[in-house]
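Here you get one chain, nothing else, as structure tokens; it is the form predicted on its own.
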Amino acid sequence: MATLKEILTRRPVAATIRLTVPAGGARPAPPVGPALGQYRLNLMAFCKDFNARTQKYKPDTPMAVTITAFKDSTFEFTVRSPSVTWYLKKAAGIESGSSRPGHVVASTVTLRHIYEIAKVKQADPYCQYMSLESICKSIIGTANTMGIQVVRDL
């Protein structure tokens, strides 16, 4: 339960914006510019902060960003690591999953790949309290729905 002081000091939220932006590639051009411009947010400040936070990732890695825009033209944002499907496609070396998952196997990945993806995803704010085992099980389920077979060793 929030205290009265916390409630009174909260800033009113104008919008919550969700974008997928390449790592280190935030520019004030579309899709970032129009999305932030309509709420009168400082585009260059966002681009500099985002690019600084994502410099450890390879360029063109799709990063999910949730931006909270406040009514006083300020903002906060959280950056999540790339999606599990993106990691699985990179690990399997394919462009897209199977057209008929469960019938046609698109590719295979090892349990070591699953474990490495789970370690990266555990750093996400949404997965930080989940056990590594449960994250691995979730990734294996995603791989199965994409038509990617999980094997112990190649």
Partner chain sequence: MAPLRCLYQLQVLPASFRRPASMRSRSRLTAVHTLSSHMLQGCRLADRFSVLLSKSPATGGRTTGNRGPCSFHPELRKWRPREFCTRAGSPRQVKDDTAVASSPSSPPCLSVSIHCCKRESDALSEALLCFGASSASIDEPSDLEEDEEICITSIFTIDQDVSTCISFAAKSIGLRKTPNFEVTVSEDFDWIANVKETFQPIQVTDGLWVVPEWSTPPDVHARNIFLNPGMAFGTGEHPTTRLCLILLNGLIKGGEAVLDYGTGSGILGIAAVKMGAAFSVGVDIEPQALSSARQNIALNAIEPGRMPLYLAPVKDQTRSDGLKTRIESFDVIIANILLNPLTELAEELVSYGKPGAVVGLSGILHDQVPQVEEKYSKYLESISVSEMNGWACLAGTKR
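Residue numbers count along the first chain shown, from 1. Since the structure is predicted, the reported quantities are computational estimates derived from the model, not experimental observations.
Here the subject shifts to the form predicted in complex with the partner chain, a form of this protein not shown in this document.
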*Ok, 43, 120, 127, 94: which has a heavy atom sitting within 4.5 Å of the partner chain in the predicted bound form?*
43
*Examine residue 140 and determine whether its closest non-hydrogen atom to the partner chain in the predicted bound form is within 4.5 angstroms.*
no
*residue 100: heavy atom within 4.5 Å of the partner chain in the predicted bound form?*
no
*Looking in the predicted bound form, any heavy atom of residue 18 within 4.5 Å of the partner chain?*
yes
*Distance check, residue 51 to the partner chain in the predicted bound form, heavy atom within 4.5 Å*: yes
_Within 4.5 Å of the partner chain in the predicted bound form, counting any non-hydrogen atom, which residues from 12-40 show up?_
13, 14, 15, 16, 17, 18, 19, 20, 27, 28, 29, 30, 31, 33, 34, 35, 37, 38, 39, 40
